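Next up is one chain by itself, shown in structure tokens, the form predicted alone.
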């Protein structure tokens, strides 16, 4: 694993007005309000996208590569996840979707989960190892980062195997080379349903990069949708074939896609807050005798990704319908010739913990800081109102000990200090303005929800 975390989520300070929706939604307390704007703390952020979903004014967005970048290559390959197929009506065939993707500029299209059969075999082999139980899937990069920063003691439970998109990209690169296409003229682009996959792919060291760029799924969807809307003639009914891709591969990214194909007692948990609560119980020893955990940060797996356009329930239904129509006698696929190569290169280095709770490199000093946090909590009201610019009192106490905030940021402590004449009214106003921005307390009938609200 690379030492640095790339982050794909960005705050637009022109749009952000410090409403705290994102701060309260974040599962790792990675957001603060400073000078009236949301600020993302890099070492805590896992790029799950909960902040982006919670923002009422779309002030948080996902960075992506410019679509024009694909035209820097003669051979332009799109690696598209199966959930992209579920964005379109059942009346639109897979072939039509692939053809439309090519009309946007790509010369080749591959399914991201094509290597899932190989990955599944490697994961099943790991079942017989002495790795700590429960084994945890590495599929969701947001969950991997969640474990790294919030449950560092469980990183050894994560199976050190490539994700299907990484393995498929490796297959595509080898396949294109074997067809005699020059590597420098071939660009491989992943179409992602979420921010976390962008962050993970952008964190790969340059000498290990296989994928040349990442395209937001909602942007490609709009291009493909426009093609269908402007094309003359009716849609065709799905003919039931999918060029030999198995139902397992199609459903791999949905909730239960992995768990249904593993051994022993397997559980599938989706949505990042559910995952967090479940891991807390596993860490506390409340949940035992589980062999495998499929954990996904998004509701219904990748069908609920923040860059998805269509309703996640409809997406799941469409994917399952396509999987049910696949014939059992599947023809041999090109990827099957590369199974040995993919298995031999399926492993990754052990994932390292990145605890967000590390207070100091020196253990004694870290212990003293922890004791100080506990002492500060004696004075804080534990109301967790967020008025201090931190999501809860515990986070404020941690920020104070780290030198990034003051205890007087708490409005309840401010009132107490004013009562005891340890803080002037003017100073209290300055403290509020530092967090929430100047003139925040002034009357403004144009703000969101007010009587003269403007767009």
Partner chain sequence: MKFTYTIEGGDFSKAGHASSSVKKVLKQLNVNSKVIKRIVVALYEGEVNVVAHAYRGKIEADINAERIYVRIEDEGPGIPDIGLAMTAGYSTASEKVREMGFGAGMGLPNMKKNTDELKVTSEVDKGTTVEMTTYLK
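Numbering follows the first chain given and starts at 1. Note that the coordinates shown come from a computational prediction; the quantities given were computed from them, not determined experimentally.
Another form exists, predicted in complex with the partner chain; not displayed. Remarks below refer to it.
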Query - Listed residue that, although the partner chain is not shown, lies within 4.5 Å of it in the predicted bound form (heavy atoms), from 204, 122, 370, 385 - result: 370
Query - Heavy atom within 4.5 Å of the partner chain in the predicted bound form - the one residue of 352, 128, 364, 178 that qualifies - result: 364
Query raised in the report: Quick one: which of 210-218, 259-267, 301-309, 352-360 gets within 4.5 Å of the partner chain in the predicted bound form, going by heavy atoms?
Result: 352-360
Query raised in the report: Using 4.5 Å between non-hydrogen atoms, is residue 337 touching the partner chain in the predicted bound form?
Result: no
Requested in this report: Consider residue 291 of the chain shown here, and say whether it contacts the partner chain in the predicted bound form, taking contact as heavy atoms within 4.5 Å.
Outcome: no
Query raised in the report: Would residue 150 show up as a contact with the partner chain in the predicted bound form if we use heavy atoms at 4.5 Å?
Result: yes
Query raised in the report: in the predicted bound form, does residue 91 have a heavy atom within 4.5 Å of the partner chain?
Result: no
Query raised in the report: At 4.5 angstroms, heavy atoms only, are 156, 284 and 374 all close to the partner chain in the predicted bound form?
Result: yes
Report summary line: In sequence order, the residues of 27-54 that place a heavy atom within 4.5 Å of the partner chain in the predicted bound form are none
